[in-house]
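Shown below, as structure tokens, is a lone chain in the form predicted on its own; questions about how it binds or moves come after it.
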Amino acid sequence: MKNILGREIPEFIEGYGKVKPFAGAYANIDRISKKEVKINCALPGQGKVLKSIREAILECGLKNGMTISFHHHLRNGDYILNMVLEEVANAGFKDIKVAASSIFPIHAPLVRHIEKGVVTGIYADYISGPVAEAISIGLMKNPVIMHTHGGRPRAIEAGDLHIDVAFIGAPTCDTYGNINGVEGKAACGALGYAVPDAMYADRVVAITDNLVDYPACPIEISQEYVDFIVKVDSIGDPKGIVSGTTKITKDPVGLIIAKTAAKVIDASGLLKEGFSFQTGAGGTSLAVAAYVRDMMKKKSIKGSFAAGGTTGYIVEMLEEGLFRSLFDVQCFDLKAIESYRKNETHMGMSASMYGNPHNKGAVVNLLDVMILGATEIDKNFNVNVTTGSSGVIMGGSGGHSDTAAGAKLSIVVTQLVKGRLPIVVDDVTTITTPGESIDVVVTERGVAVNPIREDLIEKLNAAGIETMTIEALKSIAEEMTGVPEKIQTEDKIVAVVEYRDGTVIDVVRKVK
């Protein structure tokens, strides 16, 4: 069958089940139910601190075929996933499903567990490195299920993703299970992606390298959700949090793109008192923030909030009084962690509060402007940030689809050609975010506005910002690079890409 975007998807996928096809960004917003949570009650005098991860695994009653979960706030410095899976393998368990909010190159040992049948399923919002490569060549028994940052808590709360045991990396934890991310040698800041796991998993194990006397202060995830606590030597290296660029680009082309994007924001009429904003951590995206910062100062604008994964640059805008507050689901660098620790207007939010479409209002719904990246964009403004030019998985939606759906103005900033390949193509390899949620594409060669935004085209033209069609951008790119050959894939589906509402927007097939 075909979904509304014309993507060919089987009605039933082995290892996934019956497919509910994507029908539009807002088509699956119904009155919904959240799953019942069953807990094991703690009695007076009953301790929670155990001697080892192995003991915790056994106390939780782990069985073959169960699902265990992890969060990614330590990003490429995380040690927890590898430590736990090593113990799971040593204990002889098989057919385990791993629900990690994101997977990074540091998690390469997971490939060995896949090969040995210890792990046969993965759920994640973002996957990069050796695990992504192994999935792409068909190493997994079952297709990986790729969520968005808002879609993952939706799936957990709805019961679509049932977690048997959640392992939460806790930078600080007291002896009764109160957790925070702002104290300890592995402080990582906000713990928003771990909150749904803590609330809905059958069993929750806090793993910490900073066990403190009761009570911990502050408390972000409370004792009421934690069954057991294990102290280890180290839960991770906080230097690995700063993975990838979190600095403003100095590339002249990137700066041209950023300056143009800022002009688009200004022309849209959204840059006014109470302005709300989110940008990614990439160099060009942060350069957009720099130009917006200058405009806000010049116009004496005070914004309502900035949101998302937070960088030190956005923290500086808060400290300068350009925003009243920050909403933070994870910290991208050490300055953001320090701000989250000290500044009461720098507030944490759960992943559900951030982007879940099936709650009573996500923060993304209140965004005025979102700055996004892209691996590919097609003539219908569909965006791919899941697979690279070879068809190999190299990322995933993260908050891309959630913020694009919620923001009044979603802007993709990108160079028109990367690695001698055009970014604008006839059809993207994998649809991550539907074109109906993308308003503007800004490149160094021109600006394209989605035709459904006639109001925006008028505003940009009135402001002297010349626009062109997406087809014109594609032609310019192909004049520079030629038309690339189509990626060759096999029939086997290695990943199912779910939209934030749980419908299937696309699949990823095994690369040849």
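These numbers come from a predicted model, not from an experiment. One-based numbering along the sequence shown.
This next part talks about the form predicted together with a further copy of the same chain, which is not shown.
Contact with a further copy of the same chain in the model of the complex, defined as any heavy atom within 4.5 Å, is confined among 198-206, 381-389, 428-436, 185-193 to 198-206. Proximity of G254 to a further copy of the same chain in the model of the complex: non-hydrogen atoms within 4.5 Å are absent; the residue sits far from the partner. Under a 4.5 angstroms non-hydrogen atom cutoff, a further copy of the same chain in the model of the complex has F327 among its neighbouring residues. Within this chain, I219 lines the site of a further copy of the same chain in the model of the complex, having a heavy atom no more than 4.5 Å away. Mapping the unseen interface onto this chain, A267 falls outside it, with no heavy atom inside 4.5 Å of a further copy of the same chain in the model of the complex.
Of the candidates K48, K474, K459, R54, K48 is the one whose heavy atoms come within 4.5 Å of a further copy of the same chain in the model of the complex; the others do not. Proximity to a further copy of the same chain in the model of the complex, defined as a heavy atom within 4.5 Å, holds among V483, A463, I452, A42 only for A42. Here the marked residues F93, H113 and V511 all miss a further copy of the same chain in the model of the complex; none has a heavy atom within 4.5 angstroms. Scanning 349-374 for heavy atoms within 4.5 Å of a further copy of the same chain in the model of the complex gives S350, S352, M353, P357, H358, N359, K360, G361, A362, V363, N365, L366 in sequence order.
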